[in-house]
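Read the single chain below, which is given as structure tokens and is the form predicted alone.
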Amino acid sequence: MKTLINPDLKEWASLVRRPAKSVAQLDQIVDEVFDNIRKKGDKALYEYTEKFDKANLKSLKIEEGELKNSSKKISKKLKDSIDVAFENISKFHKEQKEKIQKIETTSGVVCWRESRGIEKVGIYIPGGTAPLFSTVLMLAIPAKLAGCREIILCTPPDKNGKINPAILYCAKLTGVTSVFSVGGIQAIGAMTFGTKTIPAVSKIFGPGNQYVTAAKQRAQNFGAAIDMPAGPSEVLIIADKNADAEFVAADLLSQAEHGADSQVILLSTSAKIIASIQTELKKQLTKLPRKDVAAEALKNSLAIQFKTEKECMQFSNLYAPEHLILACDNADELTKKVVNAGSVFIGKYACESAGDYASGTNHTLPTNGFARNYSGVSLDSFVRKITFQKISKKGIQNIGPAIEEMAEAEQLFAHKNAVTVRLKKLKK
């Protein structure tokens, strides 16, 4: 990690900028893959899977028997752990269901809102070097609770054409409708346009690398909604002089190991704690199986010493991190100053891994500064809110004259007349 001391305010904008490929380059690749999928359908998916995943598939769809058999391929200990996470995630998201509240805005006029699950959703699960089966729980559980009728899952196969059994187990556990062995841009394209095998969906969820993120954003031009632009993972930690250097280093590395394009940021007013954490990073890094990946991510990462805690919070809000850890004695107080963040972890024992797996909150969060204008995935992400109004004779008489006056002022006389004919009939 590069260490900076009291960077000038003018430098902040460049410091919060994430390393990224040029948008033009990404869009060109996405357009090429999308065009191929529209023209060739499943054939294009097989070709891209062989090209990018080195897998020669006989079928894209995972059969029901393989889903059922997945429980035999993972340990009881892992299944028990998944069950703990399943219960906590379900409990947290179940409480997000909105109670219907009927509001009488005027005597005789009653308005309310009801939620309806999006009928067909697609969830993308990154595979490759780190098959994220936990993301199946984070996306399929709220989708099921929301009442989505069809839940499509796409994930890349390994070079033998196999899907990690833990992903399949979680898919079966959560009630995913169909699982397909396809990843990357081509998976997003398949769920956007539909092919003979993979149906088009209304909304696409799930994290991914910059290619997947670019594909999701492009999919919006073709009628598919997305959860958010969720790209490479990131964490920002504010550590005070009393922070536990071992804990903080472990948290930084837990994000760095996601991928070479991940980014971790450390902020503190204490030069001593920054130095201690840097020492711990080197020590812990050597023991990680994914040390090469984490080391590459650390090259794009920063440790910044500020003069005041206030500056730390201001920088954090400008950066708008996916994960924000407050490793400070006054962490509870600092939460009041959080403006932009995907998910916040309070105190020295609230490791980011807890949110990734089993505390109950959702780990599909906005990255790349999008926490300024996007929320993380929740039950609301899988529903549409439909408004209703019921108006009685008395109700239309009460608000009718105001509607007529406003419609006439906007010169929308058919709007006015829709009220006038009712009021006239009621007078008779």
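Numbering starts at 1 and runs along the sequence shown. Take the two forms, superpose them, and find the largest set of C-alpha atoms that agree within 1.5 Å; that set is the rigid core. What you see is a predicted model; the values in this text were computed from it and never measured.
The same protein has a further form, the form predicted in complex with another copy of the chain, not shown here; the description that follows concerns it.
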{"item": "Among 177-185, 208-216, 89-97, 298-306, the region lying within 4.5 Å of another copy of the chain in the model of the complex by heavy atom distance", "value": "89-97"}
{"item": "Heavy atom within 4.5 Å of another copy of the chain in the model of the complex - the one residue of K310, K272, K282, K77 that qualifies", "value": "K77"}
{"item": "One residue of T197, T335, S71, Q278 in contact with another copy of the chain, assessed in the model of the complex (non-hydrogen atom, 4.5 angstroms)", "value": "T335"}
{"item": "Every residue of R17, D42 and L67 near another copy of the chain in the model of the complex, heavy atom within 4.5 Å", "value": "no"}
{"item": "Proximity of D380 to another copy of the chain in the model of the complex, heavy atoms at 4.5 Å", "value": "yes"}
{"item": "Proximity of E11 to another copy of the chain in the model of the complex, heavy atoms at 4.5 Å", "value": "no"}
{"item": "E234: touches another copy of the chain in the model of the complex, heavy atom cutoff 4.5 angstroms", "value": "no"}
{"item": "Another copy of the chain contact at F345 in the model of the complex, heavy atom, 4.5 Å", "value": "yes"}
{"item": "Stretch 380-394: residues contacting another copy of the chain in the model of the complex, 4.5 Å heavy atom cut-off", "value": "D380, V383, R384, K385, I386, T387, F388, Q389, K390, I391, S392, K393"}
{"item": "CA of H258, rigid core aligned, shift of 2 Å or more between this form and the one not shown", "value": "no"}
{"item": "C-alpha of R218 moved at least 2 Å between this form and the one not shown on rigid core", "value": "yes"}
{"item": "Core superposition between this form and the one not shown, C-alpha change of A200 at least 2 Å", "value": "yes"}
